[in-house]
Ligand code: NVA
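Below you'll find only one chain, the form predicted on its own, shown as structure tokens.
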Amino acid sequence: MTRNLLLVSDLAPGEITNVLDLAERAALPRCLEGRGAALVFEFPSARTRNAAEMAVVDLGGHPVTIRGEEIGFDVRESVEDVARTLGGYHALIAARVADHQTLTQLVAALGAAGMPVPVVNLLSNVEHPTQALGDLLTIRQCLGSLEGKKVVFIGDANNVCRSLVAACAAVGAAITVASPQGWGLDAESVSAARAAGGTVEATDDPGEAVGGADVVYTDVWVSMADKDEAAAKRAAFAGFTVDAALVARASPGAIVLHCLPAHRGEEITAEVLEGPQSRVWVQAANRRHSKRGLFSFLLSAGGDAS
């Protein structure tokens, strides 16, 4: 059976651990040897593109990066036609898309065509699951384990936040999301995480949230899709900057994460981003390793990649 990753919940908790274990291996079987991987980007990317391309190379494959305008989903041609075309060339399709439905259409079209080509969500308006896998890998490496750790996400409860909440629930880490009113975590994400056995809390008080935190995580307030509401968001998020005073309220050994790009002086200060508790650059590098583990897992249909 073809395995895809559109949402964090597409992986069972044990499978997430499997992916992280694969990511930490110095070398993996070259399961993409002599094969291509289509990497489609409707949005520009720095870390995601570099991480995905190098993960494919690590597995012996040839990455082909395709810009959104070269594909033109449902403009130049249908999503279904694109899926069948790319499925004829490549062993894996990974895409960064504006609309999550595009990913589900890709999966459905490949399935209907009998093409066993995994599809990976490199970011959509719903989730960013590969980011969450890199985050878990970083936390496990830096803190020694995931279970029982307290993760605090401060900022807009966006696609990155939703994936992080689902990932923490799956591995036994508690998570608190601190956002201004109107920008908090949706009830569906909270319910799903709690149904999976996760401990999820929400607050509009970042100072209260970080008490006892092992991980303090933030993201940009204004993303590529939010340009029209930039001024309103910056006003709403005043007081939610991750600065030295806020981090001091976390556990003494807490680490600071940021999925990048960072806007110093907005969601995080330069002092914290470049400070001794920051693991942001380790986190960025781990996006390559976690993707290598994920691609290996999916291409072995979740089986033994030893």
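Note that residue numbering follows the sequence shown and begins at 1. What you see is a predicted model, and the numbers here were worked out from it, not measured in a lab.
Keep in mind the form predicted in complex with the named molecule is missing from the figure; the text below concerns it.
The candidate spot formed by H128, N159 and L260 is fully in contact with the named molecule in the predicted complex: every one of the three has a heavy atom within 4.5 Å. Checking L123, A173, A132, L103 against the named molecule in the predicted complex, a heavy atom within 4.5 Å turns up for just one residue: L123.
When you look in the predicted complex, the only residue of S223, T203, T199, S78 with a non-hydrogen atom within 4.5 Å of the named molecule is S223. The stretch in contact with the named molecule in the predicted complex, judged by heavy atoms within 4.5 Å, is 213-221, chosen from 186-194, 113-121, 213-221, 163-171.
Looking at 274-295, no residue comes within 4.5 Å of the named molecule in the predicted complex, counting any heavy atom.
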